[in-house]
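Single chain ahead, written as structure tokens, the form predicted alone.
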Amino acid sequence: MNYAKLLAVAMNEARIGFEEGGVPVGAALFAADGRLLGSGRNRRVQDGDPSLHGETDAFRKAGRQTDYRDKILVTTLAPCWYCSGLIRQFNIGTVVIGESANFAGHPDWLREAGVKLVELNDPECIALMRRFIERSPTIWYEDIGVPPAPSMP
């Protein structure tokens, strides 16, 4: 499987989200044969919906599936607890992670559940997220559920 090609779909969603002023996390859900089922992006800012992460947007757009064990979820950033719970709840078999340098996510918890993880450490994913964090730290901390550090005098 060409995981870099699958990541390109999620990365396109992340770029769109960044241009919209949102958190640049894109995701896509694929069938085992690489057929795209649905793609999406973090739309928390754009839609005012705190539950609309990239992974959940892609998952919703893919529609109902009878089984997720053979599905591949591709995300530009390591999944948070919320999205990791979605992965475990529906037993998504493979998760491709564009980067975990800016946010480590919870890979051990996913591996514990038998999820196959493919970490790409993609330089473009890393750079886009870093640019966003520098530009919008308050939104970033809100997105990951961490209060921002107090300003230094």
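Quick caveat, the model's predicted, so the values are computed rather than measured. Quick note: we count residues from 1 along the sequence shown, nothing fancier.
This next part talks about the form predicted in complex with another copy of the chain, which is not shown.
- Using a 4.5 angstroms limit between non-hydrogen atoms, D108 is distant from another copy of the chain in the model of the complex.
- Within this chain, I139 lines the site of another copy of the chain in the model of the complex, having a heavy atom no more than 4.5 Å away.
- Although the partner is absent here, G114 lies well away from another copy of the chain in the model of the complex, with no heavy atom inside 4.5 Å.
- In the model of the complex, another copy of the chain sits within 4.5 Å of a heavy atom belonging to P50.
- In short, of 30 to 38, 122 to 130, 94 to 102, 51 to 59 it is 51 to 59 that has heavy atoms within 4.5 Å of another copy of the chain in the model of the complex.
- In sequence order, C80, W81, Y82, G85, L86, R88, Q89, F90, N91, F103 are the residues of 70 to 105 having a heavy atom within 4.5 Å of another copy of the chain in the model of the complex; the partner itself is omitted from this view.
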